[in-house]
Structure formats: structure tokens, C-alpha cells
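A single chain comes next, written as C-alpha cells; it is the form predicted on its own.
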């Protein structure tokens, strides 16, 4: 049977990144848990070994249980009866295996029953699971909603809810409503305080809720009567044991069939406030969404890996005109670009995860003691990097997942259009990644300020100063020229002082920045591990060079008078 971790050596490479030593030092508080928990690591080497073993277990379960169940789960899907969801039989087997292996509450402190893992190895687990079944990945990886409860809930809530998630209970985040999709400040689910019972009551409807019949829900609701914007919204914890929420229906979706996407009806449901009133959207949902976006980036990389695996295997086996189709330039060109996008996107994903790890660990330490001036500076630096990289990781990887799934089917030819081949499921599953948890267009909105304020360019210039191997130097020199073109394109748009023009070309500017950043990360990886990444560094640099030329040419020749031609 395949092991979805050990079969992908690139994952172990990213696990052993030098930044992990600082991450482990912060997350483990200099390894203080070793005195209390026999499974806590003694030092950095022990911590990495622990992550490696858990990743291997995850890869084994994925290869032996989740992957073989994927087609059956896709065909059967979950069922809804009497207001409750019943998972597909294969999904139940998957969950049972993950719970028995102790793979829940992975990032939570050991005192709650968690593994105290950093975000980075947990994200690798999410990628591994998604490579086999993206729909099941949604159910399992929503455990990371507990990060928000841990960050903003009180000690009593920690003690009651976190151990349950660590023991295997499921979670959901209930944000979207029929009239509030991306525009979450329009949420109208009503929260009223019940003086007699000393609790909050929730009434209304939520729609498109992933894993909507979960055990524990984080719910965005309007707590301030008479308000209509985000300042009237608060975050609540709903426990299914209390009752009051029914599943009206499960959506009939194009893909991710194993993941029940539900419409929920709240009828006087008992709930409790998480954090402070009026900060639900302004503060808590932003934290929740950033975690979710990193999760979808991981799901996207998993799907890209699955698409590449299927395309490569078919191209090797399929013969036409007397030879395997992988020997035709038209086919190996597609496969090379698929692999380059996969490696580049994965590099961006784990660079982002490491940034998140450092700032989140320092945030957690700040709840125990006052940070030193050096730690505050470090926290601020990595929080900014995480905030700027997250929309790139989610936006670019979700687009790459779709592109790789498309090319996988193209490699299969007519067979790819047939339902018995896995590539059609991967294609259907990939389509949602650029839509949910913020569309690619919304990732552009989140990223564009880092284009205009020069943050991405500053990061690129920092990368230019990092030494690389002699073999990679010519590629890096080309990236310097690409950065100059990006800077010139950015300057042209800013000089126009036309906000509509900036909005119109924002995605092109974001992609230019992301392309150059990912190419630099690949060159850094190829310098350290040429046997894994040198080919992709060459292919991706060629690909990016063409993309930069295209975007620069488009922006350079565009004038504001032409905008009217694009309006319907």
C-alpha cells in the first residue's frame, strides 16, 4: 500500500526547514512539558522525530484506508434524515481510524489531550489527507477551528470544549447565510440574551456550512439589536448536545461529496459567547478565516499532488503510435509544468505556515508573560509576513489545483472524461478551492495592499540577497529582471492615481508578486536539494518569465479610457 507521506520526499524536506528549530523552541516553551508528559519531546531532534512519526502514521492511514474509500464515499455521500446528518460508510471508517490514531486536536496543548504540534506539520497532515480525499479532508481538518476557541475563549470554555475535540469530536464554522456570502457584515442570524436561563439564544438560517452537523460550532451572529454592519456581530459557541439546530438539507454539489454542506435552521438554540461582544467579524472571524485559508491552500496542494500522480501514472502506461505518451513533448511539457506548480505552491504553503507558527507561538506566550522587546519585534515581523503570504498561498494554490486537475484530464484524453477514472473526481473536488473561504478575487483584495505598500517587493529584494548555488545563479539573475518589471508595472498603476484601474489590474499585480516569490523559494530549495527541486526550478522560472511578460505587457499597454469597454 502507498504511504502518502514517505512516498513524497518533498514533505520531509519542508519538515526539516531551519526555521523549525525556532518554531519548536517557542511552541515547546524550551521543552518544559517533558517533565509532565512522557510523550513530550526532550529537545529539537526529538520534536522533529515525533512530527515525522505522526506524519508517517497519517500517510499510512491515508494510503490504506482513506484513499481506498474515496471513490465509494464520492458515490454514496452523506445522508440527511430527521434533521441530522449521517456520514457515508467510508467516511465513518476514515474518522474512526484518525481518532484511534490520536490525530485530533493536533495543535492543542498537551494538558487538554492534544499533541501540541506546530501549524506546519499539522498542515502537512491536511495536505496528505486531501491528496486522497479532499471531501474527507474538510471534515477532519475543521478541527483547526479549535485554534480560534483556544485563542479567544476563556479558561472554562477551554477546559470543557478542547478535550472533546482532542478526543475526536468534529467542528464547523457557521458564517454564511442565504443573503450573506462573501459580505459577512450582512449576517442576520439573531442572538438574544436569555436573562432567565443566563444564556444566549440563536435564531435564523445558515447556508453552505461545511460539516454542518458537527459536534461543536463557532457561529457568527448579530448580537446588537438595530445594527446592520460588522460592528453588531459576535462569535458564539454552539454545542450540538444542547439541541436547537436542525439540518434542513444537504447541498447537492459538483464535488467534495463526502463533506456534507448543510443548510441549518437555528430555533432558539442555546449558545455561549466566545470572547467579547461586537468583535465577531472584526477580530475573531478574521483569525478563523486566515486559518481556514491556510487549510484550503493545503487542500489545494494535496489535490495538485493527486492530479500530478494520476497524470504521470497514466502517461507512463498509455501507449500511442508505438510508444508511451510520456515521451511526447506535448505531454511531458504538461507534466513538467504541473510538477513545477506543485513544488512552487508547496514551497509557498510551508513558508506561510512557518511564518504563522512563529507569530502564533509568540502570541500564545504573550498570554503567559510579557514579551521582550526582541520578541515583540519578531512577533510583529512574522505576523505581517503571515498576513501578506496567506492570500497568496490560498489564491495561487487553489488556482494551481484547478489547472493541474484540468491538465490531468487532458493527459488522460477521452478516458479522463469517464467516471471510472479518479482524475474526474479530483477535477470536481478542485473546483471549490478557488471559491470557498474567500474566492481568488477576495484573496486579491487582501493581497493588493502589500503590492501597493511595497511589502512584496521588499520581500523579493530580500530573497535576491540570499546566496544560491552556481547552477541556480542564472535563474536568480532572471528573477531580478522580472522583479524590475513588476516594480515598473506597479509604479505605472500607482502613478495613474486611478482606483478603478488598480482594482482592475490587481489580480495581475498579485500574480506577478506571487510568481516571483515562489520562484525564489524554489531556487532556495533547489540550492539545498537539487535532486528534488532543480528541474522544477528551471521549468517554473521559464513559466513565470512568460507570465511576467504577459502581465507587464497588458498593464503597460492599458489606458484608463479603455475601462469603459469592459463594463457591461
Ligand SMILES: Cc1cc2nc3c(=O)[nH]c(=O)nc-3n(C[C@H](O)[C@H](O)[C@H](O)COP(=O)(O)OP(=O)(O)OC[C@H]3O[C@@H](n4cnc5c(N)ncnc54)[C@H](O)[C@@H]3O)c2cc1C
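Quantities reported herein were computed from a predicted structural model and do not represent experimental measurements. Positions refer to the first chain, counted from 1.
As for the form predicted in complex with the ligand, it is not shown, yet the points below apply to it.
Trainee: Is residue 442 close enough to touch the ligand in the predicted complex, meaning at least one heavy atom pair within 4.5 Å?
Mentor: Yes, residue 442 lies within 4.5 Å of the ligand in the predicted complex.
Trainee: Residue-level question: is residue 78 within 4.5 Å of the ligand in the predicted complex, judged on heavy atoms?
Mentor: Residue 78 lies outside the contact set for the ligand.
Trainee: Does any part of residue 463 reach within 4.5 Å of the ligand in the predicted complex? Heavy atoms only, please.
Mentor: Flag for residue 463 set to no.
Trainee: For residue 423, is any heavy atom within 4.5 Å of the ligand in the predicted complex, or not?
Mentor: Flag for residue 423 set to no.
Trainee: Please identify, from 311-319, 173-181, 478-486, 149-157, the stretch that has a heavy atom within 4.5 Å of the ligand in the predicted complex.
Mentor: One stretch meets the cut-off, namely 173-181.
Trainee: If the cut-off is 4.5 angstroms on heavy atoms, which of these, 326, 446, 435, 273, is the one near the ligand in the predicted complex?
Mentor: Checked against the cut-off, the match is 435.
Trainee: So which of 261, 390, 120, 107 reaches within 4.5 angstroms of the ligand in the predicted complex, heavy atom to heavy atom?
Mentor: Only one listed residue qualifies here, and that residue is 261.
Trainee: Which of the residues spanning 230-256 lie within 4.5 Å of the ligand in the predicted complex, based on heavy atoms?
Mentor: Those in contact are 253, 256.
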